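Below sits a lone chain in structure tokens, taken as the form predicted alone.
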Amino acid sequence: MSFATISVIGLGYIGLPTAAAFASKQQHVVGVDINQHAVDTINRGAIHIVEPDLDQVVKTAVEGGFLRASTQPVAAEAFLIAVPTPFKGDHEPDMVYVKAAAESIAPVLKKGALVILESTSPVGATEQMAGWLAELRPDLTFPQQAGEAAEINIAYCPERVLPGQVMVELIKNDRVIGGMTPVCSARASELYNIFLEGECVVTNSRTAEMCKLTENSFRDVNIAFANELSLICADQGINVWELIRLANRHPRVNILQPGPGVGGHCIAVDPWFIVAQNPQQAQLIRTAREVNDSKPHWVINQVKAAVADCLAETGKRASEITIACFGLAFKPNIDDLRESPAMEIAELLSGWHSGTTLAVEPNIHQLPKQLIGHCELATTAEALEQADVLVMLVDHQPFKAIAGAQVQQRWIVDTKGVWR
């Protein structure tokens, strides 16, 4: 069965690039989002997020009549759900957006439709979604009821792309396809092969769900090692970046770079999904999360010590000291602030500091609401001229390009080794 219309539910950092990738192959795509601003922006042929190359792909697709956005789902042959899956309470996965997406498409489902969950989810989420849909549409059969003969096919296929390189990795990277039945997997593979140059690797839905969580937990554990090492080196008076460079000359050692913590919608969240479902077994994964979550508070203490030294040496009052935080995004060269440790640090510092706190983030045009009234958005030049204490949080390319002679401040907290 062909896919005359493909619908992508959720037009954020994953949904919009995915919709654009299908539309670039002259597939008719309807993107759905509850954000009216996002819908209007896309329908003008523009984008509401920062992602290299995405703007041109969207513009071409909209002008060609292959992509449009809406706030209401329409009938389609394939639905891809790419909505957030945050956590609630004690780091428990919150499926409220996935459930809302399922409820929104249920009325327009028709026999032969394919529904794919792309949102990072706990194990069993795809089956749970299929259960919700079955309750809402008792006139249709689903894989848990009819197996291979189901009228609606359901699969799980997690994204595995790097922000800043999404439009390349979306096409080049392999995809793990977890169908609830072999027929579901085959149809999902057929769909992704419309634009995919990588391989569709087929498994079941539960293994595919666990695969996504495993990938990000593995990375989180390795980052935690580097972050913990940075604490030890600071205590020992050792340059952690030099140490890692030397250690990595060993043929079987590849230590990652430390930073102010871990952010983003994946690595900072996904390991908790494993911990929530396996609290007794996931000891290392839990500890890694705790190490990375605690790093921003260590950075805050380093800044407080730098401010104390500045006060002692300059004789200024605390209200006369200016702190500049370089970077708010969760990783370099993007505008995504989700779960960003840099944001957490800037927010905590601006709440503690009685003087001026500057935020330098070249990828945004206005401060997020939690910093309005507490921070001032500044350019790099303004921060270097006005600040007494510099706090390097995100190694954006413009920051790495700053000449050493431009940095005159004596009090620097550099969590990324840019000014080492």
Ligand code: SAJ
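Every value quoted in this text rests on a predicted model; they were computed, and no experiment measured them. The first residue of the sequence shown is number 1, and the count goes up from there.
Below, we turn to the form predicted in complex with the ligand, even though it does not appear here.
Novice: Identify which of 167, 130, 210, 267 has a heavy atom within 4.5 Å of the ligand in the predicted bound form; exactly one of them does.
Specialist: Here the answer is residue option 267.
Novice: Please tell me which of 78, 323, 155, 262 lies within 4.5 Å of the ligand in the predicted bound form, judged by heavy atoms.
Specialist: The residue from 78, 323, 155, 262 that makes the contact is 262.
Novice: Heavy atoms within 4.5 Å of the ligand in the predicted bound form: which stretch in 272 to 280, 218 to 226, 144 to 152, 93 to 101 meets that?
Specialist: After filtering at 4.5 Å, what remains is 218 to 226.
Novice: Within a 4.5 Å heavy atom cut-off, is residue 160 in contact with the ligand in the predicted bound form?
Specialist: Residue 160 belongs to the contact set for the ligand.
Novice: Given that the ligand is not shown alongside this chain, does residue 187 nevertheless sit within 4.5 Å of it in the predicted bound form, heavy atom to heavy atom?
Specialist: No - in the predicted bound form, heavy atoms of residue 187 and the ligand never come within 4.5 Å of each other.
Novice: Wondering, does residue 331 line up within 4.5 Å of the ligand in the predicted bound form on heavy atoms?
Specialist: So residue 331 counts as contacting the ligand.
Novice: Should residue 171 be classed as touching the ligand in the predicted bound form when contacts are defined as heavy atoms within 4.5 Å?
Specialist: No, residue 171 sits far enough from the ligand in the predicted bound form that none of its heavy atoms falls within 4.5 Å.
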